[in-house]
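Read the single chain below, which is given as structure tokens and is the form predicted alone.
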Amino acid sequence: MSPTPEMFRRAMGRFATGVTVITIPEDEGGVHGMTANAVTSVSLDPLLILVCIDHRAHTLALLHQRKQFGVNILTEEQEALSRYYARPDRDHQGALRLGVRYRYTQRGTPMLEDCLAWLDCRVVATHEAGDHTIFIGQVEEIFIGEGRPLLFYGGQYRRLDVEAQ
């Protein structure tokens, strides 16, 4: 049987991933955010990471324009943030109403408070691949926090078992 997009989606749903929110500065102090689990480390020398962005996403134009992004690795307590930033109608004012707080890196990249970790990245390459663009970012600054990761598996949010630590 030839693979179909639905089969591919189901198969990839068997691959457990962490959950991140990509953050990008907007004009006039705004912040754009997007939930993403298509994030992967690429290299230790130099420090590189990639994120894949759908061609229909508003995030695509902002990344091409700003050439910088934050990768915020979410804790299990931040599921509501992930759900919010996955919505098509999300905006900076809505995030503020939810109580989202940001800290800014030395380069001005907005990062979510209370994350498990975050990475401030400068876009160094882009590659079109099917209906997505792959952005390669060089990591310029890192924060490592505490907590337990929010996971995504089989189309649902998951948490580590207590014994899994």
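Rigid core: the largest C-alpha set superposing within 1.5 Å between the two forms. All residue numbers refer to positions in the sequence shown, first residue = 1. Remember, it's a predicted structure, so these values are computed and weren't measured experimentally.
The form predicted together with a small molecule exists for this protein as well; it is not shown, and the discussion that follows is about that form.
Proximity to the small molecule in the predicted bound form, defined as a heavy atom within 4.5 Å, holds among C115, A36, C121, L63 only for A36. Only one of A57, L96, A125, L47 comes within 4.5 Å of the small molecule in the predicted bound form through a heavy atom, and that residue is A57. None of the heavy atoms of V139 is located within 4.5 Å of the small molecule in the predicted bound form. Heavy atoms of F143 never reach within 4.5 Å of the small molecule in the predicted bound form, leaving it off the interface. At least one heavy atom of A86 is located within 4.5 Å of the small molecule in the predicted bound form. In the predicted bound form, the small molecule lies within 4.5 Å of some heavy atom of C52. With the core held fixed between the shown form and the other one, E76 has its Cα displaced by under 2 Å.
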